[in-house]
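In the block that follows, a single chain appears as structure tokens, in the form predicted alone.
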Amino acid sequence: MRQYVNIQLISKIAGINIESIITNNSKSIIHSRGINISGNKKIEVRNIVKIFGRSPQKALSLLEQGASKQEIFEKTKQNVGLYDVNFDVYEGETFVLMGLSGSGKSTLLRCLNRLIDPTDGHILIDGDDIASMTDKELIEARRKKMSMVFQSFALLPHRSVMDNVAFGLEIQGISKEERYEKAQEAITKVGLKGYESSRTSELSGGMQQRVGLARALATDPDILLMDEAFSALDPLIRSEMQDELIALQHKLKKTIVFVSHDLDEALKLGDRIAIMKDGFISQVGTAEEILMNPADDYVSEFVAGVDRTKILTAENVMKRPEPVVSINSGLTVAMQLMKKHGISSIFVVDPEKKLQGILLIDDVVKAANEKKFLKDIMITDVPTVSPDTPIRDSIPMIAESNFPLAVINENQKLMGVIVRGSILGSLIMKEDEHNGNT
């Protein structure tokens, strides 16, 4: 049976019972961190096909006729791993390949560094086609351009943490002093300082995965390929590792391609997500795009029941910040604006539209009679959120506040205003859209 999210808080905001409107699967999701996907393309995947078997052309012919993966296997014994896969990954982006077992996500990840050779298509890394590289060029790209973190850790049990982390640098022929220095930096980044001399077999699963991540970071690659990297960990440790990866990515800004079969993990980590089925990509988009506008019935069923208050952000529900009053204006101007627009409070901004505070109508009327100035009665302790704050984090703030919620950017500029009806109205609208109602 589905649970319902924040019913008391939303009901407190709206003053009504809305249990029939909003559903929740009770799991934590973090919204995309706003990578600029109009920036530099780091990875370009074009028309990738992978057929497992000795006669791929038979399978390709049937695919072009519209046969399913299962039908092709029954007729030809060829297994369709990937077909006509296209997407781009941008510099600094965390791109998640998401799907159930057998969807092709791990096969696709391994095609990116040619641990699996694609049957057809092109994979461009910084414009260079890895699918056509010589063995020498491929080795160089693997050593310097990209690193991989495996689900099974893939550590060397007879070596210390330091030597495991330095292993990739050792293969590159880097001197012991230099590789240990770089390995130490990576060990510190993942929180394993003090464990340099420990054997990996002495560490917990979570710590072993940190070693694997440190080893991948030690070579300072542009691209991290992570195949179900946290799937073998206990739920609590897994959540902690997800949080630490987000924190690391915020500092390092690597390009990450992360494979997961867990929707919550994908939504938490991914700037964008590609949902796969039977070797095809059903949809690529941000968490919000996929949840609010699923491309087909498969995606719709895949994301059914996800709590939209965790995905929609302040930017999605805010209203234009109008009217506002300048801090250089008088109380009469503030009073006229509130009267004209039928509001009981108004935000105060400076000439650059930076938020200074809020005025309440009762205070303005009283102060006008007492001949006070705007700055004398302005309330400066105003609740604020950033545009990318999930609605679920805004609900308690607006429920407990007597004022509208101000949405400000990193420069304190007022971007929008959230009133109690904004959240409720947006949730109802999105739920209706999801259900196909007008």
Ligand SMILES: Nc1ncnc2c1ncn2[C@@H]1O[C@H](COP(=O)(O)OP(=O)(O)O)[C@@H](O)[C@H]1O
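If you're wondering where the values come from, they're calculated on a predicted model, not measured in any experiment. Residues carry their position along the shown sequence, with the first being 1.
Omitted here: the form predicted in complex with the ligand. The next part is about that form.
Among heavy atoms of S103, some come within 4.5 Å of the ligand in the model of the complex. Within this chain, G81 lines the site of the ligand in the model of the complex, having a heavy atom no more than 4.5 Å away. F52 belongs to the set of residues with a heavy atom inside 4.5 Å of the ligand in the model of the complex. Residue contact check for T219: none of its heavy atoms lie within 4.5 Å of the ligand in the model of the complex.
Screening T107, T255, S147, T313 for any heavy atom within 4.5 Å of the ligand in the model of the complex leaves a single hit, T107. Residue heavy atoms within 4.5 Å of the ligand in the model of the complex occur in exactly one stretch of 208 to 216, 135 to 143, 93 to 101, 186 to 194, and that stretch is 93 to 101.
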